[in-house]
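Form predicted alone, single chain, as structure tokens, below.
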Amino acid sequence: MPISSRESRILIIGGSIAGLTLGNLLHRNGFDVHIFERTPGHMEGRGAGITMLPGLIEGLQAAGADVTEAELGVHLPVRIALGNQGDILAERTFPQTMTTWKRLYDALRGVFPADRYHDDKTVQRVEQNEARVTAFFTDGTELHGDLLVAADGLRSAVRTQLMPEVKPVYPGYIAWRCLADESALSSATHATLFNRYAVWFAPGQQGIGYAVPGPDHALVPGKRQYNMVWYQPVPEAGLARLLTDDDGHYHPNGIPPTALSRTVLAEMMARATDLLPPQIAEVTRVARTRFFQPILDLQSPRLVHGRIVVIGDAAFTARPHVAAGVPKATGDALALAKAIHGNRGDYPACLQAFEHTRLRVGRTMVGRGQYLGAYMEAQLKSEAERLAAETARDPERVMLETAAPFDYGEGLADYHARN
């Protein structure tokens, strides 16, 4: 069936960055598009920090968000490598802007029609034939469309139905994340950390930290926040304990910050004091929010399944060292919008090039994350492998490669060139 923006209904499962970017792009081109998000109300994203890599701001603007980089985040002119005694091992000019997931989400949600964003809607299964695709929801409703896009994240229900063999792989370490109010930091710690992007080092440990907008997107000095990520080795067998709350309830898909065991938190704080640079240990002590995530790799062998397309973290999840999850989500959305809008033939034909290109991007990004995370992955291996990883770890190189611009393939420039 030919593609017509006036006739085609596109269903997007998942209302985070990938789903909202795509929804806005398609809506602006006249498509009948609807987004279905399982979370009720506005999503919070747990305050996760985001590095604004090249192309991200242009992607937001292409999706209709009237924003500038200066409005979105905190500008940091330099990077430092911080040793475990709190000493600065290296410093380089490296200008970047840091923001939060919530700031980007609000910018995209604010320009998408409210009557086309359906929250508290959990997809149960999908079915398709040659003419259409149907989404069945747990509340008993069903909706037909010409195309369905699965943008429902790492635990994608749609991907699980289509490719049950594709599962996340745990490489042996977690990321503790802490968010502290700027006003809670001591003057000495503030002076070292707040106007710099810090990559810090300790034996068997590694992490990053940087300033982000405040709880209400505030950019005023004194009202901002400090975001810290601490990579820590944890055997897979030890994850269950961390994911179990004080009432004995196990949270296999991630434990909410408020449910973290008091014992687990106390142990984390003690380890921070013993192991981390003193400035970073202080951040963990004064943090307003603390949570952790198991680091995972996920790769899909296919993105297109007839009238169903998988994008964003539902398709590929890379380790946070690359800081490219949000830019990749935006890139997937831009590439898919281009494929749909730029081809007036059958859906399978116009999606073939999209799949080829974005598979390459996803695989490259996951591989890049594995390269950047090799030191942490070595911590649960043999003594020889740990020693080799320690010997090879160069703080200045790690400082310059972490969350840095990297050519993952076709992206925003190509979208603008062809549209």
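Being a predicted model, the structure only gives us computed values, none of them experimental. All residue numbers refer to positions in the sequence shown, first residue = 1.
Beyond what is shown, the protein has a form predicted together with a small molecule; the following relates to that form.
K.L.:
Which of 270-278, 305-313, 255-263, 215-223 has heavy atoms within 4.5 Å of the small molecule in the predicted bound form?
P.N.:
Single hit among the candidates: 305-313.
K.L.:
Can you pick the one in V286, A157, L143, M163 that has a heavy atom within 4.5 Å of the small molecule in the predicted bound form?
P.N.:
The residue in contact is A157.
K.L.:
Considering non-hydrogen atoms and a 4.5 Å limit, which listed residue (V366, M43, A389, V67) is close to the small molecule in the predicted bound form?
P.N.:
For this set of options, the contacting one is M43.
K.L.:
In the predicted bound form, does M376 come within 4.5 Å of the small molecule, counting heavy atoms only?
P.N.:
Although the small molecule is absent here, M376 would stay clear of it in the predicted bound form, with no heavy atoms inside 4.5 Å.
K.L.:
Within a 4.5 Å heavy atom cut-off, is N129 in contact with the small molecule in the predicted bound form?
P.N.:
Looking in the predicted bound form, residue contacts with the small molecule do not include N129, since no heavy atom lies within 4.5 Å.
K.L.:
Under a 4.5 Å heavy atom criterion, is P327 part of the interface with the small molecule in the predicted bound form?
P.N.:
Heavy-atom contact with the small molecule at 4.5 Å: present for P327.
K.L.:
At the 4.5 Å heavy atom threshold, is S16 in contact with the small molecule in the predicted bound form?
P.N.:
S16: yes, in contact with the small molecule in the predicted bound form.
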